[in-house]
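Below, in structure tokens: the form predicted on its own, a single chain.
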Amino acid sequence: MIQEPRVGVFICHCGHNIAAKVDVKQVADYAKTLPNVIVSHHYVFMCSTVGQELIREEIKKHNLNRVVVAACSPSMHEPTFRTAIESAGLNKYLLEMANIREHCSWAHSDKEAATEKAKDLVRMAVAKASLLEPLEEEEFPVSPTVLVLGGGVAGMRAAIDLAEWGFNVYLVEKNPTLGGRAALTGWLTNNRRGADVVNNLINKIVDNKNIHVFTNAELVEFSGFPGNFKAKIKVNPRFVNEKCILCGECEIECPIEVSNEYQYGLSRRKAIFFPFKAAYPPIYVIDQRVCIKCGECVKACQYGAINLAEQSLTLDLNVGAIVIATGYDPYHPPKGEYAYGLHNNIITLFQLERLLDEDGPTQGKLIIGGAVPKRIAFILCVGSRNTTPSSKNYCSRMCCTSTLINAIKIKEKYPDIDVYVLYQDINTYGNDETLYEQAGEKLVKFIKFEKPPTVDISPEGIVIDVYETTIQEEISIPVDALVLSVGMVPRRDQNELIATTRASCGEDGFIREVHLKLNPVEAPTHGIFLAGAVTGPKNIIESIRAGSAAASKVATLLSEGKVRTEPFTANVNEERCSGCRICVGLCPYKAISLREINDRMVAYVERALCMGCGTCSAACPSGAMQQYGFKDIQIMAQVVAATGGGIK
């Protein structure tokens, strides 16, 4: 039997975030006049320990059985307030939040109007809260197996941590080798390369029997629920097996040459190739996109390691959780941006790092355009911070540090080269700021600008024109080579991944975390975790830490052997259901089917699969399909309250 509603309203000032634009006291006084409201309070920080204790005390003192909190977004503190009311003996789902920060105070400048809107939002919340029902979570057993998508440093670190804790891990990498972008990154510090970090992680993976590595593989289907996901993995043919001893005879005979993406286009490779030194698995691979199946490589191989008839494999996996660590793509400047693509001596920071790497196309020699440049310049923030029409509005975090490290390395190896760094702002995230001092001591010249410089190509070479804000003068810098310090952008295939996994995309195009501070490395879909630069720009060290963080969250989810799901699922009124099948076809999670009840077919919801999206409820023509926590009667009560009516 549903008790008569006794609603308590608690309104947060959020410091000045809400109180600066909303008369909180006036809203609290107004709330006292609403039907079913027993008590109304306001406090400076309702999410604080004191604020939560206030809520608990009022629940017990006034025997409240519904709670409305008017504060910030539910995505931030709804779990906080649920925990608070549950500790007072109330079902934690008898809570309704009114967002009077993002939806009110932050959106308006007129305090009087914002206050009236806050009253409307509170009135709507009270109307719905009065009709809330106590809900219960369900428990399901979990599979102690984890799928990690992405074999870069974040994915490898997550896989290693999980495997060391005893979980079975499937590490799936779309490319033919592990390592990701980090394997191609130059110097992280003055004495450590990205390849060194990658090789250390690979050695740990090879030694751990709990990690099952699949390269040249991709996720093609994903379904299920937290603790019990089903994943279908397609392993594309490599055409070369473990008999390969890396002799290279096949590569010599291959007639096909294409641009080498592992050297960022600075060299060419064959259709059959070994990606880079120390790549894992240590086996050649054939790029089936360009291979013409001429058979020359088969003839050249003395060990029978090549099979051009190899077919793709499909793996059906049952996993308890998934870690997405698929990384990023480097920003590729459009032709003409800072004259990129108009002169062979204008390259990107990623290309420069390959040139300076001992495993690069020039074995570490700074040869650009066939010669060692006498004057070289870097332009920072290319592709980031809205510096050009095609750039993004965020900072890519690693470009400044990499630029300074590479500038120092150039001066150490070639002291006579003039090095210029043109910057709008500069920040070495997470690194020792003595990099500035080291660069200055080696006479690297720093040039600050507000308006992006212009780059012209003349018969004499490359000329950079820039207004230097420190000396307040327009200057021209002739250089032999120009390095564009480009940042990070989401992967080109990210939309496909989002569609398959049901992850969410953020404003910047990267995959969105639930909350950067409160729920980092967690996707909005429970059971999906995120690591590394897939959520936004990060350097290698940050990505490794994110991999460990994601692993710890996975372990927390799976270690109990069971998971609890939120009860906001669809529910069928079997008496009203006509079995029309509309909901079956529309459900994106395949959670609805038909079953026979009393000689007629009606809809059935598998609650373990239902994610509470509400699609079926909105489409149901008879109103038989309702969603817990968002039933028609609850939503209509809000609508009536919004239009000034009373609670029916």
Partner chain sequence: MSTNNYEPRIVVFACNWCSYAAIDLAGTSRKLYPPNVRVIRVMCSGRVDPQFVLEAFKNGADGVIVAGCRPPSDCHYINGNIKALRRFTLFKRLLEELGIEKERFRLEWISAAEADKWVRVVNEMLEELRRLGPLKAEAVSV
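Every value quoted in this text rests on a predicted model; they were computed, and no experiment measured them. Positions refer to the first chain, counted from 1. Definition used throughout: the rigid core is the maximal C-alpha set that superposes within 1.5 Å between two forms.
Separately, the form predicted together with the partner chain exists; it is not shown, and the next lines address it.
- Of the residues Arg269, Lys234, Arg491, Arg512, just one reaches the partner chain in the predicted complex with a heavy atom at 4.5 Å or closer; this is Arg512.
- Taking a 4.5 Å heavy atom cutoff to the partner chain in the predicted complex, the contact residue among Pro452, Pro74, Pro281, Pro275 is Pro74.
- Although the partner is absent from this view, Asn36 stays clear of the partner chain in the predicted complex, with no non-hydrogen atom inside 4.5 angstroms.
- Among residues of the shown chain, His103 is one whose heavy atoms approach the partner chain to within 4.5 Å in the predicted complex.
- Although the partner is absent here, Ala499 is a contact residue: one of its heavy atoms lies within 4.5 angstroms of the partner chain in the predicted complex.
- Contact annotation for Glu242: none of its heavy atoms lies within 4.5 Å of the partner chain in the predicted complex.
- For the three residues Pro141, Asp207 and Asn210, a heavy atom within 4.5 Å of the partner chain turns up in the predicted complex in no case.
- Listed stretches are 328 to 336, 345 to 353, 483 to 491, 523 to 531; the contact stretch with the partner chain in the predicted complex is 523 to 531, by a heavy atom cutoff of 4.5 Å.
- Although the partner chain is not shown here, in the predicted complex the stretch 594 to 628 places heavy atoms of Met611, Gly612, Cys613, Gly614, Thr615, Ser617, Ala618, Ala619, Gln626, Gln627 within 4.5 Å of it, in sequence order.
- Leu342 shows a C-alpha shift below 2 Å between this form and the one not shown [criterion: core-superposed Cα displacement of 2 Å].
- After superposition on the rigid core, the Cα of Ser458 moves by less than 2 Å between this form and the one not shown.
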